[in-house]
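One chain follows as structure tokens, the form predicted alone.
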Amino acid sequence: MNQRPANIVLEESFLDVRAKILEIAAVLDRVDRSLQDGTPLDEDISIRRDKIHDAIRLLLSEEPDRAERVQLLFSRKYSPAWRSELKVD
């Protein structure tokens, strides 16, 4: 399988990636500002924020397969009874 050169990948993707990073930064800034009133996050929302922080750490790692590891971070654990748990029949 031929891979595209890194220079081309970055050149073609840079503006889209930059926009997504700015969006993430803006959301985290809004959350931080809203927490300044002393109201804590609900537990389930706090877990989501922690997952975002964990995902950012995964992105900064030099290990391969970052996309797969981020996807797994946000995925539910497999359950053989998933159909009944999610009420899918």
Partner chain sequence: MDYIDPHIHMVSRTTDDYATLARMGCVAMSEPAFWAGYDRGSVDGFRDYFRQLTETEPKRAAAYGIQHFTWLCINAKEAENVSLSRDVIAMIPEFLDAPNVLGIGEIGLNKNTRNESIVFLEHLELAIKHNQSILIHTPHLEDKFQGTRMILDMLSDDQRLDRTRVLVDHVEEHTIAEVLDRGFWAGMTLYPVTKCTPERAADMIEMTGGERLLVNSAGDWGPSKPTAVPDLIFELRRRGHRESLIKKVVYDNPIEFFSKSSNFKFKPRDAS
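None of these values were measured; they are calculated from a predicted model. Numbering follows the first chain given and starts at 1.
A second form of this protein, the form predicted in complex with its partner chain, is not displayed here; the remarks below concern that form.
- Within 4.5 Å of its partner chain in the predicted bound form, a heavy atom is found for not a single one of Asn7, Ile45 and Asp54.
- Proximity of Leu72 to its partner chain in the predicted bound form: non-hydrogen atoms within 4.5 Å are present.
- In the predicted bound form, at least one heavy atom of Glu12 sits within 4.5 Å of its partner chain.
- Put simply, Ala67 is close to its partner chain in the predicted bound form: some heavy atom of it is within 4.5 Å.
- Although the partner is absent here, Arg76 sits close enough that one of its heavy atoms falls within 4.5 Å of its partner chain in the predicted bound form.
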